[in-house]
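Read on for two forms of one protein chain; each stands alone as C-alpha cells, with the labels structure 1 and structure 2.
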Structure 1
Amino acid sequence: MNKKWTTRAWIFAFLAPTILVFLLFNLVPIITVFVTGFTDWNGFSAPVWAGLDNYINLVSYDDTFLISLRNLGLWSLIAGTVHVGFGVLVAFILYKRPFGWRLVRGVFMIPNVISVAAWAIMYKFIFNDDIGVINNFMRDIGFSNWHVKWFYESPAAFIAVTLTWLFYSVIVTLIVLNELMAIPKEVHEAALLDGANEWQVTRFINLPLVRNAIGTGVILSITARIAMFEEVALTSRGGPGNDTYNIPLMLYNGIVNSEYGYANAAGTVMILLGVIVMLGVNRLFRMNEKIY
C-alpha cells in the first residue's frame, strides 16, 4: 500500500466514529422528522400519510404560528446585534488583558455551567412582583406603586424572556477571543510602525480578522433562539395570550397531545429555518473566503 492510500485509511479511521455517531444520532432522527411530518402519527400506531395537513394546521389553525415567527424574528434580531455585540465587546476588552481579566472571564462563564431550566426558574424569582429583585429595587428608589407582573403582562413578558438570555454570550466571547489571540503579532507590529493607533488597529485589523468568529457567534446565537424552549416554557409559557409563543412550544404541545406528525412538522420548520440562517450568515460574513 503506498503512502497516499495509507494516509486516506488513517483519515477514514479517525472520521469513522464521528460519521457513525452522526448517522445514528443526527441524520436518522432528522430524516424521521422530515418524513413523519407528512403523516398522521400518535407515536404508537403506524404513521398514516397525510400530505401537507400538518403544515396547513400549523400555519392556519390560528395566528399562533405567525406570532411565533414574529417573536423569532425579533429575538433573532436582538441576538444577532445586542447579544453578539456584547459578547464581542467583552472579548475585545479581555484581549487587552486589563487588571483582573482572568477573574472576569471565569465569572462570565458561570451562567454557562448552570442548566437553562434552572436559570429560567431563577429568573421567575428575580422578576417576581413580591420578592423579586427588580420590582423591590424600583419601589425602594421611590416608585412605590411599581407592580409589574413581568411574565404575565404585555409587553413586559417579551422583555423579561429576552433578559433571561440577552447578556449571557460567553460562547461568543470565547470564540472571538480565541480568534483574536490567533492573530500574528507581526500584523500588529507592522500597523503600529506605520503609525496606526489602538483604535485603528482594532477597527481596521482586529475586527475584520475575526469576521468568521463573529459570524459563527451570530449563527450560534440565532439558532439558539430558534430552539429556545426552557426560557419560555418555564417562565411565561408563551403568554400572556400568545405574546411570547414560539415554534418549540408548538412542537412540545404537539408531543403532549400525541400529535407527533404535527410536532415533527414544527420540527421540520425549525430545521429549515436553521439552515436558512446558516446559509445567510455564511454569505453575509463571507465565511467561506480566506482571511489571511
Structure 2
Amino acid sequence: MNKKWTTRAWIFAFLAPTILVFLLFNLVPIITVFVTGFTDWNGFSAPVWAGLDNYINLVSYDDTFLISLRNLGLWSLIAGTVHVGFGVLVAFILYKRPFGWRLVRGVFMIPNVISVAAWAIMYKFIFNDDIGVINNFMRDIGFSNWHVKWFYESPAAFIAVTLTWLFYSVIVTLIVLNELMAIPKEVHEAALLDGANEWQVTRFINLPLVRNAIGTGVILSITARIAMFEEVALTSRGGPGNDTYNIPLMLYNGIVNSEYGYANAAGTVMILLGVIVMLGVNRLFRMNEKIY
C-alpha cells in the first residue's frame, strides 16, 4: 500500500512541470484569448465586457481585416496547391532514387533550418532594385527599363511575399516520401504483374496511398500561412497600403498599441481558422479512413 502511494507521488512529481507548462502557457492563454476577445481591455485597467465590439471593429473599422482574410484565402489556396504540389512532386521523384537524391533531400531542408527572419531579410535583398538578382537579371537579358519595386508596389508585393515561401516545401516532401517508402513491395509487384505501367502505379496506387501524408502537408502549410509573420513584417510590412496585410500583423499591432481585446479577437480568429482548416482537410482527404 505504502509503495503504491510512493509510486503515485513520483508519477505526480514527474508530470507536475509539464502540467504547469500546459496550464500557464496553453490552457490559460487560450481561454484568456477567447474571453477577452469580447472585452474592451488595454492591459492596465480591468477588462470591460464589450460583446461583439472588437469583432465588429475588426470588420468595419477599415478594410484591413477583410484584406487580411482575402490574403489568407489566396495564400492558403497557393499553399495547398502549388506549394504542397511542388513538395509532393519532389517526393515522388526522390522515391525513384535517381542519382543524387540524398543530396537533394538534404539540401532542400537547409532553408528550413535557417531563421525565417533571416530568410525574409535575404529575400528583401534578392528583390532589391539596385543590387537584387531578380531585377538585375531582367535588365541583363534585355528589359533595360525593368525597375519593379517588389515589396513596395501592387501587385508585385503580394507576389514577392509569396515567393519567399512558395517553393520551400521540404516538410511535405519528407512526410510524403516517408509514407511512400512504407508502401509494401507486394502492392507494386501485384500491379506490375497485372500489366500496369509505371505511370499507372504512380497515379492509381501510390498517389491514393499517400493521401494522408498529403493531407497532413496541406494542414501544416495552411496553418503556417495563418501564423505567417516574419515573411511580411520584415519585407513589405503589410504594404503597399494594406496589400499584404495579415492577421498576425494585426495581432502584433494590437499588442504594441495596448488594444488587448482587439488583439485577442484577432487571436481567436486565428485559432478558429486553424481548427476549421484541420477539420476541412481531414474530410476532404478522408484522412481518418484506414488505408490498407
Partner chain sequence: MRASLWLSKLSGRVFTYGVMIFTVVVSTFPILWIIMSSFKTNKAILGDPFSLPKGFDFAPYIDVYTNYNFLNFFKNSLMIAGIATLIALFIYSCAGYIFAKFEFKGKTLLYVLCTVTLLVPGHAKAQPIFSLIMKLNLYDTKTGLILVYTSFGLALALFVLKATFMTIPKDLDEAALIDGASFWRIFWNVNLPLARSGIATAGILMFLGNWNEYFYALILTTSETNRTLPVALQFFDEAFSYNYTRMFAALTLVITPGILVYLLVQEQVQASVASTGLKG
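Numbering runs along the sequence of structure 1, starting at 1. Heads up, when I say rigid core I mean the largest set of C-alphas that superpose within 1.5 Å between the two forms. Worth saying up front: this structure is predicted, and the values here are computed from it rather than measured.
Between the two isolated copies of the chain, the form predicted on its own corresponds to structure 1. Relative to the superposed core, Leu279 undergoes a Cα shift smaller than 2 Å between structure 1 and structure 2.
Put the two forms on the same core and the Cα of Tyr245 is off by less than 2 Å between structure 1 and structure 2.
For Asp40, the Cα coordinates differ by 2 angstroms or more between structure 1 and structure 2 after the core has been superposed.
Core superposition gives Phe22 a CA displacement of 4.0 Å between structure 1 and structure 2. CA movement of Ile11 between structure 1 and structure 2 equals 11.9 Å, with the two forms superposed on the rigid core.
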